[in-house]
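Below, in structure tokens: the form predicted on its own, a single chain.
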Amino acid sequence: MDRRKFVRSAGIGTAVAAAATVAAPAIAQSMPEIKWRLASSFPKSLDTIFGAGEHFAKRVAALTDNKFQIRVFAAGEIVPGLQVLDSVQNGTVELGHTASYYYVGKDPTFCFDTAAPFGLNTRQHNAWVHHGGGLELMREFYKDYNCTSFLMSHTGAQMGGWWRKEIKTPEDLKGVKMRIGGFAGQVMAKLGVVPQQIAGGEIYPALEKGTIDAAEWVGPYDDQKLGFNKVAPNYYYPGWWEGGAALTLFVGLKAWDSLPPLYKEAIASACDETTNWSVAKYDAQNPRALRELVAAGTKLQPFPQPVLEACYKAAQELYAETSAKNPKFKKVFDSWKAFRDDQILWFRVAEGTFDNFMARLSAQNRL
């Protein structure tokens, strides 16, 4: 080996290493220390849906050398669970993690960022948000509320909730007081249900006391934690109002504009990571929880087809009525529906055929 060539190469390597050693602290020192607060709509007992906020905060800290610290507050610690959007809009907190459809009372357009009846599944919703124009449409809408937004966590397809009595026909829905969020409550109202908007941590006592007759939340893992099986025996599926329920990170516009570009990228990356984390965790935990619920006496059953057909008909009527009187809703709905219809055609070819075949094998105990 040429000793002089080696020495020269080694010298360059040493210089580069030294420069990197100097550069890393220099970059870190130039990054401002920022402390923000995040208000969650969810109780601490739910380690996936509330835990998504904690996971997000940890990732942001890690990506910014702990310079950007976000403290997560459960529902009720700063504001009630259903007032998270308002707290971001008025600047009480910089961030809010919530289900956008909690705010359909302000405008029904909010429903699309979480889930709309007979809509997109988890993968389809992610595709609409990131590659179908959904993110841009919703951000344009959210400007009126002094916020920008990110998709941050997903529950997957949800269950049809817990009912005190069996539902055999559409007539059985009449007069039922049900905790159900978002646009779906308005669909149910067309069939005689009395919808109730209740935050997650307040559902169990309402169901236990008989203030409500039925309640939907997420799925087996969360529902078991909240103890719904102790006060309502009938567990229905599917949650046709949430084929895939997404949660939103709201960021106040003033707070967002104040961030350095690197911190904005940290938020975006942490949101994507958290979404993947939450879907995977729910998928991993739900099967065991469902087995345990059934073993403990839960009566698991599908909604009868006539009930689903009646709900679908009511949903289509409501979409048409709302589109006719709300231009903002119609703009998002038209994009969402066209994307959904294409996705259903594609999923029928490969995903649906494969899933249905495997489901038949499972039903026949052949797996």
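One rule holds for the numbers: they count along the sequence shown, beginning at 1. Just so it is clear, the structure is predicted and the values come from calculations on it, not from any experiment.
Only in words, not in the display: the form predicted together with another copy of the chain, which the text now covers.
**Asked** If you check in the predicted bound form, do Lys35, Gly53 and Trp256 all have a non-hydrogen atom within 4.5 Å of another copy of the chain?
**Response** Answer is no for this spot.
**Item:** Answer range among 140-148, 199-207, 88-96, 153-161 for contact with another copy of the chain, defined in the predicted bound form as heavy atoms within 4.5 Å
**Value:** Stretch with heavy atoms near the partner: 153-161.
**Listed residue that, although another copy of the chain is not shown, lies within 4.5 Å of it in the predicted bound form (heavy atoms), from Asp272, Glu77, Asp172, Glu292** = Flagged contact: Asp272.
**Prompt:** Quick one: is Thr64 in contact with another copy of the chain in the predicted bound form, heavy atoms, 4.5 Å cut-off?
**Reply:** Within the cut-off, so yes.
**Message:** I'd like to check something about Ala284: if you look in the predicted bound form, is any of its heavy atoms closer than or equal to 4.5 Å to a heavy atom of another copy of the chain?
**Reply:** Because a heavy atom of Ala284 falls inside 4.5 Å of another copy of the chain in the predicted bound form, the answer is yes.
**Prompt:** Contact between Phe339 and another copy of the chain in the predicted bound form at 4.5 Å, heavy atoms?
**Reply:** Contact with another copy of the chain, yes.
**Item:** Contact test in the predicted bound form: Leu191 vs another copy of the chain, heavy atoms, 4.5 Å
**Value:** Close contact is absent here: in the predicted bound form, Leu191 is far from another copy of the chain, nothing within 4.5 Å, heavy atoms only.
**Request:** Taking another copy of the chain as it sits in the predicted bound form, which residues of 341-367 have a non-hydrogen atom within 4.5 Å of it? Please list them.
**Result:** The stretch touches the partner through Asp341, Asp342, Gln343, Ile344, Leu345, Trp346, Phe347, Arg348, Val349, Ala350, Glu351, Thr353, Phe354, Asp355, Asn356, Phe357, Met358, Ala359, Arg360, Leu361, Ser362, Ala363, Arg366, Leu367.
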